[in-house]
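The data below hold one chain only, encoded as structure tokens and taken in the form predicted alone.
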Amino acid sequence: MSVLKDSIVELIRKTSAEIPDDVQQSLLASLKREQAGTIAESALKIIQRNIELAQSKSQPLCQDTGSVIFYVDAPRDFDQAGFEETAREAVSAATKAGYLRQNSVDSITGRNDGTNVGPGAPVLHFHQHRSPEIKVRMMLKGGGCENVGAQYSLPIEKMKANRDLDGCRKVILDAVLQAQGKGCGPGILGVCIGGDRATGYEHSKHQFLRKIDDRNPNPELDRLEQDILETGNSLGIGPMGFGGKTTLLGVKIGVLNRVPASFFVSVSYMCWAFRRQGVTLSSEGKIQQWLY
């Protein structure tokens, strides 16, 4: 298991310290759009300097290394219990090495044992597939952006938001407006239309595994994603809420079936420090390929 543990520690290090290329390209494009000499341009330049320093020093992009979330796709005979044990050991080792802040506390006592390991920490999602490969993707989601997530139950009369895509559009944009400069923008939205209160939020976070520049294969959802991205960036909120043309870097929307009595729209928000990375592993646990 030492090979697998070393691989997971390296995955954590890279996720914490290095921004994915698709996110970096989006941030650079945003910097070009902002007017020279504005606070928005200055904020994005500081973000870029932060990215450069974190990578060169192999230190966390943000002091809030957030919740540690793993998504594991594996074949039928994969040892899930063994992987979870090793992942917990790797998280503890990565914390000791400084790749993660001592960031997980007991919710009742507030006690922090300095390991980032405890009930529900780290979070692991397992998915069985028929491919022989083992794919491990992970995400570090900070508390600031987690705090501005939102969930709506349609219809909402005061917003004139009905149970249709226009109603979904209204509440998603409302979530952006309510967040304002909170959550360390420019941000990325992960959205789920449908599901229940739990699965909706879970699926909205799963949207963050998509690349910034991909397009939704569903034409209606693709139009909605592009519309919300354009409209959100026209609100003038800008980086860190300082004003400007870049409020959102991307919008990713998924759909789950629902029961007729419920129509939830769940919105998760990711900060500019979009720490998401993944690997494919050999059967021995060695890294074979980086996914982002």
Partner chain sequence: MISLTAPFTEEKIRALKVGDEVEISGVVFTGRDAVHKYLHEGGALPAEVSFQNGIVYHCGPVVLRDEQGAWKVVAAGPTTSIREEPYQGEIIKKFGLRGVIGKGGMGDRTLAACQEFGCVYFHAIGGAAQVLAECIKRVPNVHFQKEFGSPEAIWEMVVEKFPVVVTMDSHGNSLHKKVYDASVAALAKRL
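Positions refer to the first chain, counted from 1. Bear in mind that the values here come from a model prediction, so they are computed numbers and not experimental data.
There is another form of the same protein, the form predicted together with its partner chain; it is not shown, and what comes next is about it.
With its partner chain omitted here, the record of contacts in the predicted bound form names 39 to 47 of 39 to 47, 26 to 34, 256 to 264, 66 to 74, defined by a heavy atom within 4.5 Å.
Although the partner is absent here, Gln178 lies within 4.5 Å of its partner chain in the predicted bound form, judged by heavy atoms.
Its partner chain in the predicted bound form comes within 4.5 Å of no heavy atom belonging to Pro132.
Interface residue remark: Leu173 is counted as part of the site for its partner chain in the predicted bound form, having a heavy atom within 4.5 Å. The shortest heavy atom separation between Asn147 and its partner chain in the predicted bound form is within 4.5 Å. Across the proposed site, Ala54, Arg101 and Thr231 without exception bring a heavy atom within 4.5 Å of its partner chain in the predicted bound form.
A heavy atom within 4.5 Å of its partner chain in the predicted bound form is found for one listed residue only; from Val91, Leu189, Cys192, Cys184, this is Cys184.
Shown here without its partner chain, the chain has no residue in 151 to 168 lying with a heavy atom within 4.5 Å of that partner in the predicted bound form.
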